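Before any questions on how it binds or moves, here is one chain, the form predicted on its own, in structure tokens.
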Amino acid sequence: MTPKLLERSRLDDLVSILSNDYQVFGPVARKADVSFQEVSSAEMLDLNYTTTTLPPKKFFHLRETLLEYREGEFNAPELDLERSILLFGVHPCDLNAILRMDRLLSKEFVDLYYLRRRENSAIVALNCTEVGENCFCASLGTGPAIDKGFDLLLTDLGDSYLVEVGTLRGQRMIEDLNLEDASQADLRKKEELLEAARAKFKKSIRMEGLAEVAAESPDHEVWTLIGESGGLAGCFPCLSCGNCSLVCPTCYCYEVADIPDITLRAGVRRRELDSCQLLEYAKVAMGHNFRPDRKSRVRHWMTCKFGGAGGGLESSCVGCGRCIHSCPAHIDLTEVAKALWGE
């Protein structure tokens, strides 16, 4: 379908149409950050954001109750899928992360909870024309632009948005707007804006072959520096707080716990995101811990990002930079990679 042009003043018309069929969530500016929240109008959206605190993964894979029990009776709650959700303004790095989660969680062990939510969702993506100080997606080919995985794709051209359709569902979303076709000048402007964005990146990473380097260097001094002594690039020792896992758009590990109430006659079985940075994560029966020190835990997390989740699927890092921004010890993934490369 020919790309269309949506005047900025008509953005609210699009949001209004989408709200008829979907529960719409988009980037909303708060006091200290930007977060995906439910929106009812375009005025609520902050489409100039660089990165949200939590990735949109939170709508598909964060926390849920698997089982409820009371005095011998058990009940598996039904997923609330009465109304579809639509994520508006998803950046290319986050959309790439969702696509990787799709592949990972539909392999040998299928996560039905995740997949049913994804099947009941739609995405309006937004190309990046500005770059955050911790972003390095250009090094990985996961931004600042994307060409798949969306129903609609927007690019901010200034007074208007270039609208590209990715699915039949996306085509239906804009049918009633009667948008005019974009011109060749509009398409050229898009490419010029994206090229300008690529020139703004301050961070980069050389990922090809890094998984092998990390796996072959379990005793590299960089693991000790960031895991124990904190002597790399002015950072402090890793605190094992788990922030990096919580904000990472591709971390998928979770724990399942039975939580009884005070009477011991009722309770719930719940699963929620876990982190390999926490001391208890690798602890097994009889008290043995496979990764008892911070050095081994931070090495494990970094190697996962470098080497790919799910048995070498691909790099599980998309260059969003959230782990750098959220790390209280100022550990920088790109600096660790440079140290491993000997740079």
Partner chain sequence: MAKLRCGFFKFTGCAGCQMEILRLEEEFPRLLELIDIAYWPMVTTRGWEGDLDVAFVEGSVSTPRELREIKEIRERSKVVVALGECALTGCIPSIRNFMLQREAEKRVYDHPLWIESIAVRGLDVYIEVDIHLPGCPPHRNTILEVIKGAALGRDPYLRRHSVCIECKLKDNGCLLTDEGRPCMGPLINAGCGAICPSLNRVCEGCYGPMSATNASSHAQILKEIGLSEADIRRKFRKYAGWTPDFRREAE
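All figures in this text were calculated on a predicted structure; none of them were measured in a lab. Residue numbers count along the first chain shown, from 1. Throughout, rigid core stands for the largest set of C-alpha atoms superposing within 1.5 Å between the two forms.
Another form, the form predicted together with its partner chain, is not on view; read the next lines as being about it.
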(request) Name the stretch, out of 182 to 190, 265 to 273, 162 to 170, 87 to 95, where some heavy atom lies within 4.5 Å of its partner chain in the predicted bound form. (result) 265 to 273
(message) Would all three of Val15, Gly158 and Lys202 be in contact with its partner chain in the predicted bound form, where contact means some heavy atom lies within 4.5 Å?
(response) no
(message) Against its partner chain in the predicted bound form, would Pro260 count as a contact residue? Criterion: heavy atoms within 4.5 Å.
(response) yes
(request) Find out whether any non-hydrogen atom of Arg297 is located within 4.5 angstroms of its partner chain in the predicted bound form, and reply yes or no. (result) yes
(request) Check whether Gly149 has any heavy atom within 4.5 Å of a heavy atom of its partner chain in the predicted bound form, and answer yes or no. (result) no
(message) So, Leu11 and its partner chain: in the predicted bound form, are they within 4.5 Å at any heavy atom pair?
(response) no
(message) Which residue, Thr65, Thr50, Gln37, Thr303, is the contact with its partner chain in the predicted bound form, using a 4.5 Å heavy atom cutoff?
(response) Gln37
(request) Name the residue from Glu119, Glu255, Glu216, Asp176 that puts a heavy atom within 4.5 Å of its partner chain in the predicted bound form. (result) Glu255
(request) Quick one: name the residues from 230 to 248 with any non-hydrogen atom within 4.5 angstroms of its partner chain in the predicted bound form. (result) Phe236, Pro237, Cys238, Leu239, Ser240, Cys241, Gly242, Asn243, Leu246, Val247
(message) Given a core-based superposition, decide whether the C-alpha of Arg63 shifts by 2 Å or more between the shown form and the other one.
(response) no
